[in-house]
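One chain comes next, on its own, written out as structure tokens in the form predicted alone.
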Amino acid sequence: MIDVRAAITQAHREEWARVVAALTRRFGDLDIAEEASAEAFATAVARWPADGVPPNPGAWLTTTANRKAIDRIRRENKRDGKQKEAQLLSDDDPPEPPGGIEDERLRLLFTCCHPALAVEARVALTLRLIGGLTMPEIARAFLVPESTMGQRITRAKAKIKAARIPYRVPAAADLPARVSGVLAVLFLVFNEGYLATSPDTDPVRHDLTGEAIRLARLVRTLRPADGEVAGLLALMLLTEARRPARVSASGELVTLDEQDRGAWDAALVAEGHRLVRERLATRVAPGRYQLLAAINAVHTSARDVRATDWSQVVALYDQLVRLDPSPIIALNRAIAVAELDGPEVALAAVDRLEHPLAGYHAYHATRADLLRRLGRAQKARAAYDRAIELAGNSAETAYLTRRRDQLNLDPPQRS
């Protein structure tokens, strides 16, 4: 017997973006597409338990959403005294089947990630129109009131309409630059899910990480030879593979060195490693996402933390720093240096980052750990206090609090 609730959930996950995209193509209006799609799913919730799940849920939802959109347009026409083209209101042809570069979701993704929009708007639109997340879910993910997020999305859709941003996959000549912007949005979405910044949500949000991975796979159908697309997908897969071991039963973050590696998702690890090897075989200079994926491949290749090839990790970070000399990359490199050259050398590198990273909790958490390893408990405690104050993730806060409380203040302090 079919579980109708599960079928609706699966249909929402698999078909939401297709339905919204198909309606956007036909009606050229994101508001109509979004609202009619939502009404179609609401109708499914009301009717499928009694009528049964249709043989082709996607086609049923698309047809229903089209009718809802037409009904809305007719109501508005009657109210405003305006007329639409007759074919728009009478076209009951089924939508074109998705496939390859013509997949409507790709058109919608590039529209949501258009460079004319602010980065925050790109992320919000992607989560709403393609991911199907609700407004409260998106607002919670980015720590803003629901009304603020609603206004952000409304303004973004209005800008798309006013600026006549085309609903299409960019021309081949424009793709490299446009794809890089899409990847940046997907990376932001994934990172928010990987370590949620809101203390009121789950510390790891699989809905966001899973959606980012799904969309990255979709982009790869468009750019199968693009190294950075493959690199980002590999990075996400290798990171997501560790999710089952990232949070303890008590809700505390489990760091990489303490994780049960037997709990990692072996299939995701294998797929991520395969993508990294494929890119290495091309002998093309790697980009940022490829280097991050390669670093994660080294970590996930080791049977335990003691077997990690830290010299290779540092060498990869050296390449990454040349591409992206950001303070966060420098901080992560210092963490690897601590394992290769010791905490004293790493602490000197970390302290040079104080000015740009003073408000970043991971900077203070890294300092606290290095100071703890050097026996400077009093300074470590102060660094832990600051990291706890800045951290928004509940699992991370629990971990930092435990490490701080384990400090022994009895040994003499070193400067």
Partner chain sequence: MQYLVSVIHDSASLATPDEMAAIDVFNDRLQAEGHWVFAAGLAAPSSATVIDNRDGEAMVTDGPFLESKEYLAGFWIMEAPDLDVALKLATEGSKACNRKIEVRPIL
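As the structure is a prediction and not an experimental result, all values here were calculated from the model. Residue numbers count along the first chain shown, from 1.
From this point on, the text means the form predicted in complex with the partner chain, which you will not see here.
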| property | result |
| --- | --- |
| Option from 294 to 302, 203 to 211, 241 to 249, 158 to 166 whose residues, in the predicted bound form, bring a heavy atom within 4.5 Å of the partner chain | 158 to 166 |
| The unique member of 178, 223, 274, 217 whose heavy atoms fall within 4.5 Å of the partner chain in the predicted bound form | 178 |
| Partner-contacting position among 105, 333, 152, 114 - heavy atom within 4.5 Å of the partner chain in the predicted bound form | 114 |
| 4.5 angstroms heavy atom contact with the partner chain in the predicted bound form for residue 174 | yes |
